[in-house]
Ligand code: AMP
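Before any questions on binding or motion, here is one chain by itself as structure tokens, the form predicted on its own.
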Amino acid sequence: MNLKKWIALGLTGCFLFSGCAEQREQAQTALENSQQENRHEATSFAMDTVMTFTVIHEDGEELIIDAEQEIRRLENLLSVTLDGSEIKQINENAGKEPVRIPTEILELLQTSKDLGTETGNAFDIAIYPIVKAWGFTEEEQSVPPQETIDQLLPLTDLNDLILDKENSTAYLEKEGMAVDLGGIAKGYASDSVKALLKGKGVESALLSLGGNICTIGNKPDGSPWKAVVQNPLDANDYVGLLEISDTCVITSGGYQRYFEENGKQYHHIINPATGWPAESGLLSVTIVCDSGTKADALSTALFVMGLEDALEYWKTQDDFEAIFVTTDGEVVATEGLKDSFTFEGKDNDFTYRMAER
């Protein structure tokens, strides 16, 4: 699972009323008290990560419970390890027989395949056997022999994942294949929880699913939510500030999960073409998109692609923006973030430019 730990939240703001200073102060105090009464927060652990929920609503406490239950429901469906999950059943029956699955999962698998095709297989939910060979699903990691990687690569072709909409089944054609939705599941979960809360009247909320950020509306004072894009080289530093409203922000980076062997560092983002950690010249990729599902997948895919190919792909799309941090110290933001992203990395020798279509 990608633990995208890059967000720091700014939850303060101001609200001004017209009239004399005393009236403004009284009104602001009343507003802040009302907001605090309706502000509800909770932290839980699911999908192998810490999740926090901030909901501004008079029934926020109950709504957070609903959100947590939705997360648990999805975890039971999508987990690659939990007994009884549909994904685990698909993997256990690889090369044997199709598995009947709920329409919801079938559609998510299809979305994953489509995003894989669109990105030239830079996003590949069938890469799991190789990820496991590297030990990123285990407590200990090590570099696998090239022979092992060569044997596993033929088991990672998404064309061998057969989805039958008419019968609502999924089938992995080759024994030893396995799919893992870890690169898209938290983004999908954020979309699901966001829809649930909006459907119950929530107009202001912030969801952090292991660092995957999804917001509903603005902060209670009407200002945008704020998030920082972490400096991949320093967990206590950041390279820029984002202002976001009613959208999702998700980052993937090699700095988030890695190990060292014989003096070399190996991160968890595997290039499906080689079976080795991607060496794309990027340290991190941040995606800003209304769809958490798409943002989650693209943060990985564009990291694998590298800056130039990622920008070419972005130019063909109109529903997301991105921020790239390169290994040579450049921060590149796409032009749709012109009014919402502020570069803050100059003091740490980063350079900055905006990419245009």
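Don't overthink the numbering: it's just position in the shown sequence, from 1. All of these numbers come straight from a predicted model, not from anything done at the bench.
There is another form of the same protein, the form predicted in complex with this ligand; it is not shown, and what comes next is about it.
Undergrad: Going by heavy atom distances of 4.5 angstroms or less, which of 269, 205, 282, 287 would be at the interface with this ligand in the predicted bound form?
TA: Contact residue from the list: 269.
Undergrad: Which listed residue (256, 85, 111, 218) meets the criterion of a heavy atom within 4.5 Å of this ligand in the predicted bound form?
TA: Checking each option against this ligand in the predicted bound form, the one that comes within 4.5 Å is 256.
Undergrad: If we define contact as a non-hydrogen atom of the residue within 4.5 angstroms of the partner, is residue 293 a contact of this ligand in the predicted bound form?
TA: Contact with this ligand, no.
Undergrad: With heavy atoms only and a cut-off of 4.5 Å, decide whether residue 190 touches this ligand in the predicted bound form.
TA: Although this ligand is absent here, residue 190 would stay clear of it in the predicted bound form, with no heavy atoms inside 4.5 Å.
Undergrad: With a cut-off of 4.5 Å between heavy atoms, is residue 122 one of the residues that contacts this ligand in the predicted bound form?
TA: Heavy-atom contact with this ligand at 4.5 Å: present for residue 122.
Undergrad: Does any part of residue 304 reach within 4.5 Å of this ligand in the predicted bound form? Heavy atoms only, please.
TA: Judged by the heavy-atom cut-off of 4.5 Å, residue 304 is in contact with this ligand in the predicted bound form.
Undergrad: Among 123-131, 195-203, 67-75, 149-157, mark the stretch whose residues have heavy atoms within 4.5 Å of this ligand in the predicted bound form.
TA: Checking each option against the 4.5 Å cut-off leaves 123-131.
Undergrad: For the heavy atom contacts within 4.5 Å of this ligand in the predicted bound form, list the residues of 97-115 involved, in sequence order.
TA: If the 4.5 Å heavy-atom criterion is applied to this ligand in the predicted bound form, 97-115 yields nothing.
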